[in-house]
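The chain that follows stands alone, in the form predicted alone, written as structure tokens.
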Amino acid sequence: MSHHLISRRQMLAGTAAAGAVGLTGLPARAEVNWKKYSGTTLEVILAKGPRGDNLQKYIKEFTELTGIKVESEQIPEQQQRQKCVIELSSGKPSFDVVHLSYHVQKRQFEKGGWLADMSGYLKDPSLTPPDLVESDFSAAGLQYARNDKGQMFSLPWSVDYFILYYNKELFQKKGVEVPKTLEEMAVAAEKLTDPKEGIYGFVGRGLRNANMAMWTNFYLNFGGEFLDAKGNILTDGPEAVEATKLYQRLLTKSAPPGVAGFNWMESMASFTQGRSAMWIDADGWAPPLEDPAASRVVGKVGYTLVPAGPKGKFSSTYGDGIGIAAASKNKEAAYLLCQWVVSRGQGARLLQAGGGVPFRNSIVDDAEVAKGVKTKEWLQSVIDSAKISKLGLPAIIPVAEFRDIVGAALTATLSGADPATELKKAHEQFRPILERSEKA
């Protein structure tokens, strides 16, 4: 997509003085001393994706504004997470600013004390423009960014709601209606599947660990909760079994061969090639789907809510933040970068590109920003998803182990294993890990 309506001049003005017409609507205030750390060099580690692309594309503007040079690298998600843990736990990270995945790293980073407290910076007018206030972040963003004491150890950057992508052309050919419920979706997927033509009704994450992000949409909509009042994990109960039966049905009856090894990338490839009629995944994939150089379904994609289940209608929600390494020697300079990353100008660009949804309400609710979003249907799907959002993973320290173990159980069902048996085995393995972690 190439529909950014915010000019570079507007961006600089909006960031520096918080006074760009149409972006902030607030009077100019120039207390921020942008040049205070001119000459500083910052190192940034990013997870590869649209957010990192957005930062790197416009980072020259930040350097022009502040005189701060930024060196950044984008690394595939799993490797980036591993690298962050290794370096932060060493106490000598090679980076000042870190892109973190809240749904995986929040508790781990808090327990390690690896991030600098931003609470004071946010209240300092020499570092923070007047339009950047905590109350502008959504409740989910604040829930992610704050610790139990209300301190902010990162700034909420971008939220991922899971949505349903569907191929309008394939639906029209078969005379199939867009599903409103999970059961309707399974039936529709079977009608749309035609292996002789290489067409499949549904595609999604079958790969261990990665599959948890999609499965939890089913789990929540079957009425599932992750933890009880005492912090015990609950994802092997009847709601989980029913959600897993649906997962198994979709991916064994209506998905492409080899789906047990699919993450989002392989799923997206099948969808963009017009081989799969439906795909449930995070909301940030509109740019590649609508890119004529990478997709055969440009202009044919529908965007809508994840269908409702028998006991709920939720969109699994995940999120990313931007934080400062506690060991950084350039914390205030790093903070200037962090608040620029979540600025209204940068957030508007991210939204307008369809690459993600800012946590800041003032951006998502801005009619002027919305005018710059080319795919209105996509925008409406994320606005509607925000109203039914629910955290997609439990807030526990060993969330990676949770994803690995339960995710492996889900993948096993794609080879015919019984959902109830596999979930029970997985939780017998995981519960001691959770108990040790919480007691440590």
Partner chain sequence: MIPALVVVLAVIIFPWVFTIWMSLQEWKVGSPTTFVGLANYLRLPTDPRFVEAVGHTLSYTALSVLLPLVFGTLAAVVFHQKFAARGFWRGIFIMPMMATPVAIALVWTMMFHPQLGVLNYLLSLVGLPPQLWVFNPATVIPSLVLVETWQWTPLVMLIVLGGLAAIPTEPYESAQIDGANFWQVFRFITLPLIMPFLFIAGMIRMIDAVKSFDIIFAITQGGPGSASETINVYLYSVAFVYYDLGYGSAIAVVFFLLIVALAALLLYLRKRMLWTSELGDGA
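What you see is a predicted model, and the numbers here were worked out from it, not measured in a lab. Positions refer to the first chain, counted from 1.
Another form, the form predicted together with the partner chain, is not on view; read the next lines as being about it.
Between the options 411, 381, 389, 54, the residue in contact with the partner chain in the predicted complex by a heavy atom within 4.5 angstroms is 411. The partner is absent here, but in the predicted complex a heavy atom of 112, alone among 302, 231, 112, 310, sits within 4.5 Å of the partner chain. Though the partner is left out of this view, residue 421 does not reach within 4.5 Å of the partner chain in the predicted complex, counting heavy atoms only. The partner chain is not shown here, and in the predicted complex it never comes within 4.5 Å of any heavy atom of residue 298. Looking at residue 327, you'd find every heavy atom of it more than 4.5 angstroms from the partner chain in the predicted complex. The closest non-hydrogen atom of residue 227 lies beyond 4.5 Å of the partner chain in the predicted complex. Screening 166-174, 258-266, 117-125, 317-325 for residues having heavy atoms within 4.5 Å of the partner chain in the predicted complex returns a single hit, 258-266. Taking the partner from elsewhere, no residue among 33, 362 and 375 has a non-hydrogen atom within 4.5 angstroms of the partner chain in the predicted complex. Residues 400, 401, 404, 405, 408, 411, 415 are the ones in 384-419 with at least one heavy atom within 4.5 Å of the partner chain in the predicted complex, listed in sequence order.
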